[in-house]
Ligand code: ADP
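One chain follows as structure tokens, the form predicted alone.
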Amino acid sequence: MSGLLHLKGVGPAKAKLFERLDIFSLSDLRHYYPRAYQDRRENAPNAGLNPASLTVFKGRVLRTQLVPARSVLIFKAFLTDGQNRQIECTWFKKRSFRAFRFDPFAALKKDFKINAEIWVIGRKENRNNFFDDKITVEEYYPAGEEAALHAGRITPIYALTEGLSNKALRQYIYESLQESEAKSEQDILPPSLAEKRGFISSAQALRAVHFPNSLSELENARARLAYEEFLLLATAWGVKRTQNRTALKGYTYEIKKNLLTPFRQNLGFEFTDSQKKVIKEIFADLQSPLPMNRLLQGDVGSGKTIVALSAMLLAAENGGQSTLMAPTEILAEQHYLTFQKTLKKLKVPVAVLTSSTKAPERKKILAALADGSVTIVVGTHALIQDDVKFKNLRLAVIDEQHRFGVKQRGKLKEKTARLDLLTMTATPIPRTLALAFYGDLSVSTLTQLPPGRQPIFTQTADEYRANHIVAEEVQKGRQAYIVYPLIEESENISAKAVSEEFEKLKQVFPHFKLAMLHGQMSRTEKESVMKDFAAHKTDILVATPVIEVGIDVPNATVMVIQNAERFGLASLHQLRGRVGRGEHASQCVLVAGHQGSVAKERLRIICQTCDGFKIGERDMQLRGPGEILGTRQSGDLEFKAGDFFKDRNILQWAIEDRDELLKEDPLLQKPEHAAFKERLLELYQKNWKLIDLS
């Protein structure tokens, strides 16, 4: 903090504003990269950086005018630019008591003298008959030395907090770059790698990423900084992978088939070839002397749960306990009901533990886990509480892994000295990212859907059409889901709520049986609603996104998603996956309100394809990898310079160079790697506490 206080104009109050942006030092400030750029050069050759409505020009003041209005005061300046256009620039100030005591336009009058040259940045208004352009001004700078950071150049635009302007932030960052330590900013990249890839120095990259002289200089700087970010994380996971592969777990498994054989015989269906292949990979890991650390990815409905249960039964055959951790109570409860039904004839003791578990029942389950009388426990975050002890925990399965942070997954590993870990996701991870950021995991992929799966027709429609489709299907003897984003109405969120809409839908569908399901219901109520819907005692299930995963009702053929613009791609795909599970044709209907450009793109993609791999990749592009890879909660993948998709070639370089680096120096002990190792420890060990480079 003391370094920031050395900057002109920064006192304790201003330093607090910097803290909101996670800026605590001059180095943090220098590494606070722009979120965007504007090309504010005269006759800019690349206007593509700028929004269509943005105007940037340097003009000469012709005259000024004050225009009083009922609720506002208006100041106008009329300028001419170098092309003899006349441009009207406007500022608005609300009338107030202070406005009569002080002139709110005093600074403008001082700067906008006749014939003064001014840089103006603003938004175009509609053209009128008298002036070529009307501009509502956002920023202006009298031409001269002070304007050089803000206009007449490729100008950085930063994410802000209240009390800090872009103008001020640019000035502070510029000053920090003049500090002696900035000019000799330590290069952490091993010299051999920097030379191999032809990168500029760290100090050059920092100056150019904030104040580039050209677009090519900006791209070179950003590539250098992105590579550094990618290499740091890829190396961290590479070290972790090496450590995992040298730590013996002290036990192994024998395939005895006293549980696995009757389990397969009782299923009533055959595994797909893809499931057989993946089970073989998992069983090989479990029989290895090294702990398993495997990611199982597969599209919605590809049969991940049955694969995981097969692994849990192998552990049970060998006297080990297993746990499955799910992100929501309703999914945990659905898994529990499925396990109970599937394992009933095998007499494998199964329990469910969530935050809603009543104290007496919780006490009983904890005792059973501690003495080993419960073999499989399904639950939520409640499983990682300190008082949850196991007699012989051998295998942990994490469902929908992206809903859990790295630290939460690590907490589960602390339950035993050595643990086989299987994480599952329905949001497939592109191979390059898996290599880089799941460097400590092996990856298995389910590429087939079970036989008989029906394609799902997806369309957008208004509410009237959606209700008509539901009525048609229910009259044929089918069932339907109608999903709303909220439980109750909110003043702050413009979206429909399930509790209010449920009452309306009972009037819309008076001859059908409706039920409601949401996360605030008790476990008993939720189980009852789900069982009734599965048994076709109800026709329409009106719910929140709690049904996103885990519900399997083959007779349900319609999924209506209300306020679809409020859902991410992965959620839309998961919800759609609740239908198409039987022999009947199925459809998904998206009812959307006001949509921004990103929401429109999501709806377009989900209507075009049912391919989970394509959807997963586009979802990562739209939302960022932090949410997809399950690291956003701890900020571990909030990269500032790199873009996983735009920079795929740089990412590939980082993976190749990581492998070369660790092959040459596995613990980074060489002197030329000291700075890189120090930064690695600083950035990642303090957050994850997963990597030991001592």
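Throughout, we count residues from 1 along the sequence that is shown. Note that the structure is predicted; figures quoted are calculated from it, not measured.
Form predicted together with ligand ADP: not shown, discussed below.
- Placing ligand ADP by C-alpha superposition of the site, using its position in the predicted complex, leaves the pocket open: no ligand atom lies within 2.4 Å of backbone or C-beta atoms here.
- Shown alone, this chain has one stretch from 157-165, 304-312, 349-357, 317-325 that lies within 4.5 Å of ligand ADP in the predicted complex by heavy atoms: 304-312.
- For the three residues Thr272, Val300 and Pro450, a heavy atom within 4.5 Å of ligand ADP turns up in the predicted complex in every case.
- Of the heavy atoms in Asp552, some are within 4.5 Å of ligand ADP in the predicted complex.
- Ligand ADP is not shown here, but in the predicted complex it comes within 4.5 Å of a heavy atom of Arg581.
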